[in-house]
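The form predicted alone is given below as one chain in C-alpha cells.
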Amino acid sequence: MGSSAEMKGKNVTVDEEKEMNFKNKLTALVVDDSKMHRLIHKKLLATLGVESQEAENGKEAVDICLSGEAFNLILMDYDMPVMDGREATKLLRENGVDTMILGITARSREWEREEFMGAGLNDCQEKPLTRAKLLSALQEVDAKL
C-alpha cells in the first residue's frame, strides 16, 4: 500500500511527504498582477497543503489584510498596477501586520531588491519561486507558531 500522498494521485517521495507535515494549518495570500503567476503560486502552495487566497495588486492585499483576514505567509510581487509590492508591504507594516512577507520579483538589480527589503519584507526571492524556497519559508513560519 502506498503513502497517503501516493493514494491521492500525487507522485511524492516519503521524504517529501514528511516535509509537508506542518505542525499547524497554514494559509497564504498570493499577491501578483499576473493571473498565471498567481495560479502557479497557488498550485505550488496547494501541493504543500497550504490554503491560499489571492489579490491582483498591493491595494487589494492591504484591504484584505486590514479587513481582519489573517495569513501565515504573504507572497508579494514587486511590480503591480494600482499599488506596487513595496508600497503595500510598507503600509502593511505601518498598520501592524507582522505576517511573514516574502517578496517575489523579476528584478535582479541589488539596489532594487534592497529597496523592496527596506519596505519590510522578511525575505526576497527572484522569480520563478521554487518549491524548495517556498518550503523553507513555510517551515520557518510553522516553527514560529
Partner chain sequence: MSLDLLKQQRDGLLCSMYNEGLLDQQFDQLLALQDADSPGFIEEVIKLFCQDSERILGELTKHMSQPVVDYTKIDAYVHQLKGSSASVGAQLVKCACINFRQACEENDKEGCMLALNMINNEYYHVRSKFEIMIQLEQRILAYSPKHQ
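Positions refer to the first chain, counted from 1. Quick caveat: nothing in here was measured; it's all calculated off a predicted structure.
Another form, the form predicted in complex with the partner chain, is not on view; read the next lines as being about it.
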Looking at L26, L29, L44, A119, which has any heavy atom no more than 4.5 Å from the partner chain in the predicted complex? L44
Counting non-hydrogen atoms within 4.5 angstroms of the partner chain in the predicted complex, say which of D79, E56, E115, E87 makes the cut. D79
With a 4.5 Å heavy atom cut-off, would you call R107 a contact of the partner chain in the predicted complex? yes
With the partner left out here, check for me: in the predicted complex, does some heavy atom of S34 sit within 4.5 Å of the partner chain? yes
Close approach of A70 to the partner chain in the predicted complex, 4.5 Å, heavy atom: no
Is there a heavy atom of D123 no more than 4.5 Å from a heavy atom of the partner chain in the predicted complex? no
Can you list, in sequence order, the residues from 56-77 that come within 4.5 Å of the partner chain in the predicted complex, counting heavy atoms only? none
